[in-house]
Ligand SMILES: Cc1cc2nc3c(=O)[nH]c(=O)nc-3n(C[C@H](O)[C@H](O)[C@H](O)COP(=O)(O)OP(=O)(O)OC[C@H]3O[C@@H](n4cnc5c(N)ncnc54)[C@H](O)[C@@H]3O)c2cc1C
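Just one chain is shown here, as structure tokens, and it is the form predicted on its own.
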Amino acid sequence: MSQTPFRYHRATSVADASSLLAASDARPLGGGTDLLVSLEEGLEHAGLLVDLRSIPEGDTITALPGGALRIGAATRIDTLANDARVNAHFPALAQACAAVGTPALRNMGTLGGNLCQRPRCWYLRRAVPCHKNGGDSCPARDGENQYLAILDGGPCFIVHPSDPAVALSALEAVIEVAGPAGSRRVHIADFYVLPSERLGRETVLADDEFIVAIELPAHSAGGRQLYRKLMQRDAWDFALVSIAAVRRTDGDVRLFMGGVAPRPYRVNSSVEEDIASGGLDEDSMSALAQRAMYDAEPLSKNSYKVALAESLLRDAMRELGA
């Protein structure tokens, strides 16, 4: 389904963008790598595209007092993958950004746009009636569901495609949001919502809101961090299963997984605590990995994801304990 022609405006400030996005047919534009495809597919509709990349300092990475880092939402994914400060203090994010798509997509896509991209469910993308586009059922439940959720699913079983979102969840990022009603700060744990909470969208953003910046707290800097991703192809693909693992300098462990749930999935806190205690042998790691997947409810064609998730969890435990 093709999109009718739209108007285009380069925002001159956050206030300018907020004012323009008050229009019901306006949509925020970052790199456009997902939005323009969504418009072409009929998943999104817009009469006005408001380009956020022209907002002054929108792509700036700023060191904050105490070791925190503020990242403008228009910062390119490739910039983050190669930034010396991000690699030194928040390597899980740098690794997640390096795992995104192709070199061309990383050079075009922005962090804000990546966090807000729409799911890749075949049925949704092809306008087959489903819960997320006004239908009354989920054709994927008994259909082509091999890439969909094994945890926290229902009534829709999408998985969120963002790699950086998984890393940012492990790092306890805070998202700065703006819109016609003003600005607010949202902890990333509250940013993504389950289909059971909101079917039409995957985040708490109102239609007229957009991400201004992402802040990484100082207490998440350093320690041991990693991001790993398993794909059907060797590169340039969405995650079948991914993991962001952080052992902070205070010893706390945080584990989040992608590709298994409609939003970044946090592993059971009791598993994190046992990993933080250290001294795990292979049998203990296998038992913890199985416990972490205890609540998994695979669909007819994606039970393989349970084994992939357990494998990634064991690998993460070894690296955090090295």
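None of these values were measured; they are calculated from a predicted model. Numbers for residues come from their place in the sequence shown, where the first is 1.
Although it is not shown, the form predicted in complex with the named molecule is what the next lines describe.
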{"item": "Any non-hydrogen atom of residue 221 within 4.5 angstroms of the named molecule in the model of the complex", "value": "no"}
{"item": "4.5 Å heavy atom contact, residue 101 and the named molecule in the model of the complex", "value": "yes"}
{"item": "Partner contact for residue 54 in the model of the complex: the named molecule, 4.5 angstroms, heavy atom", "value": "no"}
{"item": "Residue 120 within 4.5 Å of the named molecule in the model of the complex, heavy atoms", "value": "yes"}
{"item": "Sole residue of 171, 86, 116, 156 within 4.5 Å of the named molecule in the model of the complex, by heavy atom", "value": "116"}
{"item": "Proximity to the named molecule in the model of the complex, single hit among 161, 139, 91, 179 (heavy atom within 4.5 Å)", "value": "161"}
{"item": "Site test, 31, 35 and 105 vs the named molecule in the model of the complex, non-hydrogen atom cutoff 4.5 Å", "value": "yes"}
{"item": "Segment assignment from 147-155, 127-135, 244-252, 210-218: heavy atom within 4.5 Å of the named molecule in the model of the complex", "value": "210-218"}
{"item": "Heavy atom contacts to the named molecule in the model of the complex at 4.5 Å, residues of 244-278 in sequence order", "value": "none"}
